[in-house]
Ligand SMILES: CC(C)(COP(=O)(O)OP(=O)(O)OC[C@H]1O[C@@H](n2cnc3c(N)ncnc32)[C@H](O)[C@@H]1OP(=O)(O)O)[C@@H](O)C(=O)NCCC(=O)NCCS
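Single chain ahead, written as structure tokens, the form predicted on its own.
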Amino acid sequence: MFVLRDLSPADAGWIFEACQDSEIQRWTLVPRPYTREHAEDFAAHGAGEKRVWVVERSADHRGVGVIGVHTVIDGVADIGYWIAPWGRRAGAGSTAVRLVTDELSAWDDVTSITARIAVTNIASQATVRRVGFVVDPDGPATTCPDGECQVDAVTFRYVVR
């Protein structure tokens, strides 16, 4: 079982460890190379996200991932997440997306939630589909996981109201 909790400076150590993973570096905007200073800054300030949560395993209170709201524009909350290798294939991602979807459904300014996922990131696409997100044919068709190039993406949407 997994829960969400607020990000704190104490999370820097495991975040640094997780962000050495090639899959996190492949699919997200984390800096490359990812240093301890990057982790400390992220854990203290959230990298400009509107809101960030830690995905925590209930049994041992270990952080296994991060999920956040990038922006809320015109009622659309755009989310992103990553799961560390030690939290994958155990339901952490879909639980986190479901919990954030529940949270955002209570926000007055949110009418829908989107997640832009690289066309080739099949695992992440399956994660949001399990929660009820559907392909938005009118959504942006690119994402930028390395911060410099545009990658073909699928936009998934979950309608809140």
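Given the structure is predicted, the values throughout are model-derived calculations rather than measurements. Just count from 1 along the sequence shown to find any residue number.
Here the subject shifts to the form predicted in complex with this ligand, a form of this protein not shown in this document.
Heavy atoms of no residue among 5, 52 and 101 are located within 4.5 Å of this ligand in the predicted complex.
Residues within 4.5 angstroms of this ligand in the predicted complex, judged by any non-hydrogen atom, belong to 118-126 and to none of the other stretches in 31-39, 101-109, 118-126, 44-52.
Among residues of the shown chain, residue 17 is not one whose heavy atoms approach this ligand to within 4.5 Å in the predicted complex. Using a 4.5 angstroms threshold between heavy atoms, residue 92 counts as touching this ligand in the predicted complex. Interface residue remark: residue 12 is not counted as part of the site for this ligand in the predicted complex, having no heavy atom within 4.5 Å. Of the heavy atoms in residue 77, none are within 4.5 Å of this ligand in the predicted complex. Although this ligand is not shown here, in the predicted complex the stretch 20-38 places heavy atoms of 23, 24, 27, 28 within 4.5 Å of it, in sequence order.
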